[in-house]
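Just one chain follows, in the form predicted on its own, and it is written as structure tokens.
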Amino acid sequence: MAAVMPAPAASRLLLSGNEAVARAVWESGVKVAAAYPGTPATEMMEVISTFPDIYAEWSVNEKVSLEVATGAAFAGSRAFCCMKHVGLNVASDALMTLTLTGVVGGLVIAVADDVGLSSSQNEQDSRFWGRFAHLPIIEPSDSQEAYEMTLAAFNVSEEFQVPVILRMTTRINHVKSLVVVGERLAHVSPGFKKEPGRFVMVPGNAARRIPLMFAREEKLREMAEVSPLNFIEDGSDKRLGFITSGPAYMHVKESFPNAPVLKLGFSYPVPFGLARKLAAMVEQVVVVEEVEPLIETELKAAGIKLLGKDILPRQGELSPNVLRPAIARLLGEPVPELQSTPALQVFPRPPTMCVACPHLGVYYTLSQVRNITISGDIGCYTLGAGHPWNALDTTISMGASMGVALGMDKGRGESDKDKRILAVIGDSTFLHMGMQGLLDMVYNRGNVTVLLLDNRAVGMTGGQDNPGNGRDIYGDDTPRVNFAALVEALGVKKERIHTVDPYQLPLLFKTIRDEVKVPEVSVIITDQPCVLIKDYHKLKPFEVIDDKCTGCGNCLDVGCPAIHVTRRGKETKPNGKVVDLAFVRIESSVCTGCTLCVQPCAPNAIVHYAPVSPIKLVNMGCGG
């Protein structure tokens, strides 16, 4: 991927929050940027990788990305890393010590909280990490602020020699607005200077750094009181004043444009003085924050009388349709009726996998296997928990399928003693956090069959590259992990390692059936690329011969969204049993010819698509 020169200074650009942060990272003179893909944060690193003068990488997980950025910051260079909220959990081991060492070059950690759970397994408030690690938090409300506050975050980081958390949410990450941009400012790195008492965190050195951390936090609190990122907007309606941050500020301004507001862009440490000033201006104060009552709790502890989560929900976005009714009830006013357009009646479309996804064959096969418990993981293949497969029993966190499966094996109850246990994990997730779990499984003699689904991409976040496909973030060739050799190196016996084509259903079924019977760890690697990346090559599409289709519905069990039901019916069998029939067609324009639907088709009604020749129009000379 060739670097491109960003738009010139003073340009007004329509940017998402992710794109705005990326632009500011480039302008700040950052030298090293690292991340692991995770919605809604992914696009930050994708955009950064297109800019010149920055080294960018997809790291194998968020902890590694923070450590790479830390090394650059220790050397005096400006550095950046980004992740979604659950990624900061992974990186927290490094974070909690990094707060003691501090940094030399500016280091900004952008974390994207998925408020409303658009694409995550939990809803989490990453502002806790600022309090836990005693680090400053900066919260933008829109794309322009995301740009400006990223620039400010690097200055704060270097002034106080501390990592800064840039806390964003899905609404900021993905919504676009106009942003006025500037020039890139070169940053000269002084290079790494040896200072063992600071950078070697053995207990004795760490103990001496703790008082410095607390002293730094007090100076940051003083700065928060005078920072231009925190300000009070006066208003004519003094009945209520609001304290808010992030996109919740936009919701407050839209809902109550005449109310005084304390807007916190530098939201931790909390500026108690500004909060008291607002409280003196109004009859009552309401804290509006997404999602946990962090600011509310601290201000109450400081003796400031206010309301917050006692009238507002502790999950989801605090949009106007949430705020207005809550405040109306507080003031004893009529609850406003929500003005909304009647929803269009559309056919329900639950989340599903792509046409010809190589995971389809895996879950179709697993749905046919009886007496098994399936431990799942995070990725596209999490969709295997849904219809028509219903072939996942647990999903917890990245890499958890390994440990959960081993725990199920070791903790079998009497009713589970004869059940087979499988763990399903994707290639990128395996490299992210699954290898340790497999090593633990082998070391502790587990009886688990592992399905390692290698589709050569970080599929769920858009098909990013990873060490399993042999390309880096720029698309350049790099060593590709050999999964069979890797799992053998982790202790799996060579005869228990199988690589299969997930489109070959009979072979896949036989391999799974055979391996679950073996009372030790075995690994089945499926090897087909994601259909959305350049490694995938389409074949000739298929269609259904109507006269041959018996309505058995076997092809529907595969779950491919290219197959559509045209009509339904019922049939009474000779034994009196009534069965449902579903007659289908294939959307040949999107079919890739993977053959998954062909193999279970009993009447052989699915054949290669034969397009009808266009009708040739003949001029019969009957014009006027």
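Numbering starts at 1 and runs along the sequence shown. Since the model is a prediction, treat every value here as computed from it, not as a measurement.
In what follows, reference is made to the form predicted in complex with a small molecule, a form of this protein that is not presented.
Enquirer: Between the options Met460, Val481, Val282, Ala94, which residue brings a heavy atom to within 4.5 Å of the small molecule in the model of the complex?
Expert: Flagged contact: Met460.
Enquirer: Honest question, do Arg127, Ser267 and Gly308 all end up within 4.5 Å of the small molecule in the model of the complex by heavy atom distance?
Expert: No: none of Arg127, Ser267 and Gly308 comes within 4.5 Å of the small molecule in the model of the complex.
Enquirer: Looking at 86 to 94, 164 to 172, 242 to 250, 201 to 209, which stretch has residues with any non-hydrogen atom within 4.5 Å of the small molecule in the model of the complex?
Expert: Stretch 86 to 94 is the one.
Enquirer: Examine Thr429 and determine whether its closest non-hydrogen atom to the small molecule in the model of the complex is within 4.5 angstroms.
Expert: It does: once the small molecule is placed as it appears in the model of the complex, Thr429 has a heavy atom within 4.5 Å of it.
Enquirer: Is Thr550 part of the interface with the small molecule in the model of the complex - any heavy atom within 4.5 Å?
Expert: So Thr550 does not count as contacting the small molecule.
Enquirer: Is there a heavy atom of Ser118 lying 4.5 Å or less from a heavy atom of the small molecule in the model of the complex?
Expert: No, Ser118 stays farther than 4.5 Å from the small molecule in the model of the complex.
Enquirer: Using heavy atoms and a 4.5 Å limit, would one call Ala400 a contact residue for the small molecule in the model of the complex?
Expert: Taking the distances in the model of the complex, the answer for Ala400 is no, it never comes within 4.5 Å of the small molecule.
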